[in-house]
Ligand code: BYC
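Only one chain is given next, in structure tokens, and it is the form predicted alone.
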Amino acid sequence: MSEAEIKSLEAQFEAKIANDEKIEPKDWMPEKYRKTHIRQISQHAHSEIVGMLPEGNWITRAPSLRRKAALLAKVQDEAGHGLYLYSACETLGISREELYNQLHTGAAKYSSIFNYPTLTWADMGAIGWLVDGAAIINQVPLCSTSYGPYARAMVRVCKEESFHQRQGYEIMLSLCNGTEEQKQMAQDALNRWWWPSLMMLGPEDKDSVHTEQSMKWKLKRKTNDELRQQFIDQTVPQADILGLTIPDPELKWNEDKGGYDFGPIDWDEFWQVVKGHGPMNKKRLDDRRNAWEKGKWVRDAAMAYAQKQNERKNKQAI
């Protein structure tokens, strides 16, 4: 392809982005655009799959049958989200096997938030309220992202994440309306999950190497700092309703900007977790690899069954 032809295709691509038209799998796209989307969509998919682990071990320990059923449904939703996103990622020319291999070898990243332990039942409420709440703020703009398969997958993901957030908040509300010990358990969960939830929205804009390009290609519609401010402004009033205290002594309403000022985030902790040195990094990856290896017989059986069904259909066609 000549240089003139490449420039013409680049111009058409940029025009589509500027007009808010969707880029589809068979459309020409810059290689950097393709690789950027593989990185982001796969990280999102990995986060959904690894995100099942901190909650999965609470399904059998949930305090009632209703809570067990709701938590099981949530974990199933997260598995589905991962499958939607892996499928969207495959349209960019990368295989599912390669994506899994990147996760299992530690070559690919997933959200830092899933490398923290879930110590009590209140953590299930805090994760739903805070973690899924932050995820919704980050993901709703992705429903209008420039890459068509990703945008369409996000519509259903966001609807289900909204249910997860309400489920988590309802758990926290029940605890706060219970005994003093239960309310203290809710406060403890908030204390432990507040700062990691702010970190999961990504590094500060000045330290983010991907934000500028992602904004240009309309992969992102808001910067990390804008999303973080939105999350804080939305969540503080919810904590007030619960009667819980946000663990930030510097939190203060700023009338001039119409939002809350907040204290410094420990970015050293964030980068330690991202680099694989969080409290649960090793266990999360070990659990994920073990699940993959132990589930091999199920995948093999499913493939054998599908092959037999195809053979049967072919014989009937003859």
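It should be emphasised that the depicted structure is a prediction, and the values quoted were computed from it without experimental measurement. Counting begins at 1, following the sequence as shown.
The same protein has a further form, the form predicted in complex with benzoyl coenzyme A (BYC), not shown here; the description that follows concerns it.
- Counting atoms of benzoyl coenzyme A (BYC), placed from its pose in the model of the complex by superposing the C-alphas round the site, that lie within 2.4 Å of this form's backbone or C-beta atoms gives zero, so the site is open.
- Residues within 4.5 angstroms of benzoyl coenzyme A (BYC) in the model of the complex, judged by any non-hydrogen atom, belong to 44 to 52 and to none of the other stretches in 44 to 52, 64 to 72, 23 to 31, 257 to 265.
- For the options Gln234, Ser174, Ser87, Ser208, the residue carrying a heavy atom within 4.5 angstroms of benzoyl coenzyme A (BYC) in the model of the complex is Ser208.
- For the options Leu103, Ile94, Leu244, Met199, the residue carrying a heavy atom within 4.5 angstroms of benzoyl coenzyme A (BYC) in the model of the complex is Met199.
- Remark: all three candidate residues (Arg39, Asn138 and Tyr150) come within 4.5 Å of benzoyl coenzyme A (BYC) in the model of the complex, counting heavy atoms only.
- Contact annotation for Trp58: none of its heavy atoms lies within 4.5 Å of benzoyl coenzyme A (BYC) in the model of the complex.
- At the 4.5 Å threshold, heavy atoms of Leu99 stay clear of benzoyl coenzyme A (BYC) in the model of the complex, well away from it.
- For the chain shown alone, Asp123 is not a contact residue for benzoyl coenzyme A (BYC) in the model of the complex, no non-hydrogen atom being within 4.5 angstroms.
- Residue contact with benzoyl coenzyme A (BYC) in the model of the complex: Pro203 places a heavy atom within 4.5 Å of it.
- Heavy atoms closer than or equal to 4.5 Å to benzoyl coenzyme A (BYC) in the model of the complex belong, across 278 to 307, to no residue whatsoever.
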